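Below you will find one chain, with nothing else, as structure tokens; this is the form predicted alone, and questions on how it binds or moves follow later.
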């Protein structure tokens, strides 16, 4: 009898572990948790960004191969762990890696040869698009919308168009290119390695908590501030992996399969995030302009279009590529390499030719460039009433179209 009771309570713990760490979370839950982390960052005077860290890695590489001085890339750069967005990206990958270990889903995955070509091409387009838009789907789309900027909506329109064009182009290649389509044999790891995955994942969690605690208690104020980023980046990676949350899918799936769950999860996250963040801005807890790119509307729209095409070939956007790196996808490592390299080159050249450099003659309180300006709806419209109405209306129309498409498949392009 006691043996049966022991087996029962062990089975209960195992069932809970499976529910939390193995079974996929709903993307709606993932979207809500992601927004909570972002709001936590904002309360601490920070914001979530990805492209700045990716471009920083490209700056390092360009200096390493001697291209940096020609492009005008700064020669004295922070370390990878001291640069705020670089650290956040590294922690995002580590959070996803930990989640993949706990769920026993980590596995080195090799794609067909052609996929590496698409990763390089898509990564280059991601870098060019993000440089024009002043950010990726995080810093150019999601964050600006949370910060009440129409720049996010301009990039949203570009992303929609880019995703549709990218899908048509990708389908053409699938029908006309046969080289490199055979997948290599899957990598099989010994059963003994797979069995200790959860223990390795637990060790990563303990290590990250110890790291953050040490930095938070440090007398160095910079390290103490970075401790928040260590935890936030790790949490974002963990949440995105567990819920398979992906901005690229939210734009791609309605055009490809008409499936709309990921899109509706992003819409829900934006709705909650916009309302909560607007209260922070009205209480002047954070300056909204810190996360608004000076690219409304030309840079945001054109950058979104190029980025949208790129993410179809790359297989993910910036954050989606990072968390899949942590899961072991070789293609996304190639994507991020070319994303960072092209992002660094494109950003440097666009500034060199004064396309995205800040207009120093501007006397307004917001920044301006040749492709746009820092647009903040409450300042443009004289208050929050029209801001809520316009942003809420766009979200409602987006939801209605996605829901309609799920039933009719009217907008699928393949």
Partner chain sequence: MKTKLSISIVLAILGTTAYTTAQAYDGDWKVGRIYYRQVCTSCHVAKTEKAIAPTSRTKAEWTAYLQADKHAKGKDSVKQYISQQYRASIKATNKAAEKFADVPDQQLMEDIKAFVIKGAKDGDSPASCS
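Residue numbers count along the first chain shown, from 1. None of these values were measured; they are calculated from a predicted model.
Another form, the form predicted together with the partner chain, is not on view; read the next lines as being about it.
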| query | Which one, 276, 196, 114, 202, lies within 4.5 Å of the partner chain in the predicted bound form by heavy atoms? | reply | 276
| task | With the partner chain left out of view, choose which of 225, 77, 183, 165 has a non-hydrogen atom within 4.5 angstroms of it in the predicted bound form. | result | 225
| message | I'd like to know if residue 87 sits close to the partner chain in the predicted bound form, meaning any non-hydrogen atom pair within 4.5 angstroms. | response | no
| 4.5 Å heavy atom contact, residue 289 to the partner chain in the predicted bound form | yes
| query | Would residue 45 sit within 4.5 Å of the partner chain in the predicted bound form, counting heavy atoms only? | reply | yes
| field | residue 33 within 4.5 Å of the partner chain in the predicted bound form, heavy atoms | value | yes
| field | in the predicted bound form, segment of 304-312, 215-223, 172-180, 235-243 with a heavy atom within 4.5 Å of the partner chain | value | 215-223
| Which of the residues spanning 7-32 lie within 4.5 Å of the partner chain in the predicted bound form, based on heavy atoms? | 26, 29, 32
